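Single chain ahead, written as structure tokens, the form predicted alone.
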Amino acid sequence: MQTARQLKDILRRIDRKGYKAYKQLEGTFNFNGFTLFVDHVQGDPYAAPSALRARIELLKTSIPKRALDNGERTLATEDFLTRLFAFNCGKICKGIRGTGTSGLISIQKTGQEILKRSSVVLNNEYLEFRCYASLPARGRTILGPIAESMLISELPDIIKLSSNFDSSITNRLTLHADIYEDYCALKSSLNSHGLVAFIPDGAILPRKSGINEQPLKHSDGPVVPFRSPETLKVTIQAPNKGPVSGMGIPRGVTVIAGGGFHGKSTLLNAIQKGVYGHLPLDGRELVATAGDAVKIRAEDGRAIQDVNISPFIRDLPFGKGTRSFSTENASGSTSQAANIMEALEAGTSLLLIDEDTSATNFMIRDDKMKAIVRKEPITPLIDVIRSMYEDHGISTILVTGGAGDYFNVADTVILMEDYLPEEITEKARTTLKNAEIPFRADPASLKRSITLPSPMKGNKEKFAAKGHASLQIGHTFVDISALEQIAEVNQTECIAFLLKQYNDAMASASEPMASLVERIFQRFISSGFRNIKRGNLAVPRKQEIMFTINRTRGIRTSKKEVMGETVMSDG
């Protein structure tokens, strides 16, 4: 191990040399109060920034003992410290000073969700920040004095402010952990209360815009705090806040109705994001949803490989089968059918569906259309939705503004008016009942063994995130823009990381995708980030890992587990 003084000497020695000389920085350096690990040095000023780790003994930090009381509080503290480090970077780092992003010190970017992140590791021994430094240059000539300022002055100040702080920061950290612990308690209590989702009274559900997930404020326009109808009001005990009252959505089929711009989709969006905790004062911080809930939508053009969609679509023209359906260009109805079947394969207990992003012919077919169209291969969702719950335990929350026939198959109907809910189940029902069809999912078809396409790009494997909504596997690009419950690009980075492990495991073991992903995922989350040096990862759900695999063009499936024919095109 070298000293901080030796690091300074190296920087002065390589000043004005070619950029490759920065490689001499790789190693370990002992500073006053922390140890700096330089794990990777970038190859040029335009490359991804250099990866650093700063480790501080826990006893030398201001972190309260209660932060380590349980896994929930530890996770929330790590998330808070990531945000604090990022704030201090903006406060202390002097910004870009040279070519590319030269001079920047950064850490994983965060959104409104509280997530398990690799950017901070906290345990009983130490606190570790995984951060990045864009080592400065003009062209490809090292700017030694600026690098010295970054690593010898700015970085230590950022680390000190982020690990040794005053009581005001400690209070904010405690609130952050309290809120997340309460959210986890509410979420874990859903099942015992017979619920699939909970929205607390006083919650602020609207967001600033479609591209800004921060809460709407009174300065942005009228803000209506959420208020539960009395008939759906429940009270759940939280460890810090105490009793929390709000609207509980029970298991079964729930329809959310209302006119345009009255808050239907806003409520559903809050529910779908309720699989994650949120920041204090986010407005949605105590909205809790079953952790395996999956948003379902039509996804025109996606690839499908050997999915049994026969519960929804069968008897295609020319005798094409749908028990092992494949296409490179799915229609709205076939993609939505496949998305539901893949969600069942991933083990969901709750489907979230918005009429506005669904295929109309998949959702419903009225009596006039039934009378005219004699050869209809699609069994609409409305015909099997009750069987999905009563026979398979799959609940659904459905938003609709025009398909009133769903009232007849609903257990609960909620009317949204002026962003406030009213429970109108009895009022919405009529004496007319839809002819229900049993939902039959072949268990074998939900146990597909899937092999990824070759990850080789040249002589190296390539598993990489390409922004929030795309990944690259070898020469194959995977579009995951329709996976609305991926909250951050850091989760996409983690999916790419886990797909590498999945691909390695498939080389030695042929087992169903669902069980292999489960095994890899559980091993990953149980080991934590202590032995993983990367600081740009945030834990996704196993569902999004499986859905990414399913959207990868060129995957191969085992025919042993799937019955029937393979349809090679989607007509």
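Computed from a predicted model, the values in this text were never measured in an experiment. Numbers follow the displayed sequence, beginning with 1.
Keep in mind that the form predicted in complex with a small molecule is missing from the display, and what follows is about it.
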Quiz item: So in the model of the complex, does residue 458 come within 4.5 Å of the small molecule, heavy atom to heavy atom?
Solution: no
Practice problem: Although the small molecule is absent from this view, report whether residue 261 comes within 4.5 Å of it in the model of the complex, heavy atoms only. | Solution: yes
Quiz item: Looking at the partner-bound form in the model of the complex, is residue 222 within 4.5 Å of the small molecule by any heavy atom?
Solution: yes
Quiz item: Taking 4.5 angstroms as the cut-off for heavy atoms, does residue 266 touch the small molecule in the model of the complex?
Solution: yes
Self-check item: Contact residue in the model of the complex, from 161, 238, 216, 316 (heavy atom within 4.5 Å of the small molecule)
Solution: 216
Self-check item: The unique member of 419, 276, 463, 439 whose heavy atoms fall within 4.5 Å of the small molecule in the model of the complex
Solution: 419
Exercise. Have a look at 450-458, 117-125, 82-90, 253-261 and name the one stretch with heavy atoms inside 4.5 Å of the small molecule in the model of the complex.
Key: 253-261
